[in-house]
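The chain below stands alone and is given in structure tokens; this is the form predicted alone.
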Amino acid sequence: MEVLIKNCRIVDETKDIQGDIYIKDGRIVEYGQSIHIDCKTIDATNLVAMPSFIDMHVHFREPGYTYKEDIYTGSMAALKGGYTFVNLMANTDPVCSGMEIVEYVLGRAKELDLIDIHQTVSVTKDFDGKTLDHLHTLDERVKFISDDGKGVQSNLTMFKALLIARDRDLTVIAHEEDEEIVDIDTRLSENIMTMRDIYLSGLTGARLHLAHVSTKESIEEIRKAKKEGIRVTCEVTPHHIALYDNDYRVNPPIREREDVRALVQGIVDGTVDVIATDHAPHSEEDKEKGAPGISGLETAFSLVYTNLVKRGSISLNRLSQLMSASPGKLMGLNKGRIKKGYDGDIVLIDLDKKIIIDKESFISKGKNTPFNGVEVYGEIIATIRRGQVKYNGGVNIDNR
């Protein structure tokens, strides 16, 4: 199978050029100017071609909570948002604490053939906060472990988990929340656990990835840790960049203006590695009952492009690095760059298109967003996975 993307602006973490992209058998074979091949052709005039996005932090709710989302609707929402790879969290029902649920999720993804998926396994069995034996049963398909949604409360358990992760070449994704403190001070709750886990990562030599960092203090601790050579990486969400002093229910909460400035500075200076959505779809009833989270896959790019690139904080190259190259590297994928031999996963974007976010147009079952009615720039026109157009929002294709 062959496809030629013509007349686009080609942007990834290292390049910004005008030209064409030729994909054959699912891989990028060539890119540059004046490529002429008789095959299926996509006219990308006035569009930007970037590596499709990779999300390190997503909840698809299957199995157990499919009234909120399922692997099909989540995958379709991902494609509409420009994503072809997502990393799913373990807070399903039953909790993903072993290969049985991993097998189910990966099998479902293969059957649907829409996007690629990694399924994270819980740090502690069934989120019980103490049992780690199941970590010794995981095979090489599992790269991340996380008790996201709860966090590992016990110092000893986290220390032991990091030792196991180091020895088994796993990365711990940490949800930083001290449950004894959070109802008193959410900022202290996040900061104290961030400092604990950075210290334990340095002590054990394990890889630590900090999820949805939201405070200026945490960003500063991460910056220090990186300078000391500790194996820590981190992510921030679009909603923690775009909002401040807002009471929309998310966990961690929306912070203050100073925190947003600190997050953006962390993005500018390289402290922040990844932008991840923490896509957390809920039913309207669950949201009314106080369930925290945002349905974020379909709005992520336009929000961060508008708030970071349009405002001059970072370049489009840096945004591509945050949304594609860096998560691809951290996950060991052959994705995230427009480079010969890489997977032909491309997103076509109209950067000049002004759009009004409309939650009723979401493909996701979750319509929970604080951005309904917000004006942003940058519309996803098409999402291509291994040379196949999986989402088409209006691109012209000549099938020859």
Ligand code: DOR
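Start at 1 with the first residue shown and count on from there. None of the values given here were measured: they were computed from a predicted structure.
Just so it is clear, the following notes concern the form predicted in complex with this ligand, a form of the same protein that is not shown.
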Practice prompt. Decide whether P292 counts as a contact residue for this ligand in the model of the complex under a heavy atom distance cut-off of 4.5 Å.
Written response: yes
Practice prompt. Answer yes if any heavy atom of R337 is within 4.5 Å of a heavy atom of this ligand in the model of the complex; otherwise answer no.
Written response: no
Discussion item. Although the partner isn't part of this model, could you tell me whether V250 comes within 4.5 Å of this ligand in the model of the complex, counting any heavy atom of the residue?
Written reply: yes
Discussion item. Since only the chain is shown here, I'm wondering whether H175 would be in contact with this ligand in the model of the complex (any heavy atom pair within 4.5 Å).
Written reply: yes
Practice prompt. Name the residue from T233, S201, N91, N191 that puts a heavy atom within 4.5 Å of this ligand in the model of the complex.
Written response: N91
Item to complete: Answer with one of D197, D273, D116, D148: the residue that has a non-hydrogen atom within 4.5 Å of this ligand in the model of the complex.
Response: D148
Worksheet entry | Per-stretch contact check against this ligand in the model of the complex, the hit in 261-269, 78-86, 156-164, 275-283 (non-hydrogen atom, 4.5 angstroms) | 275-283
Worksheet entry | Heavy atom within 4.5 Å of this ligand in the model of the complex - qualifying residues of 67-87 | none
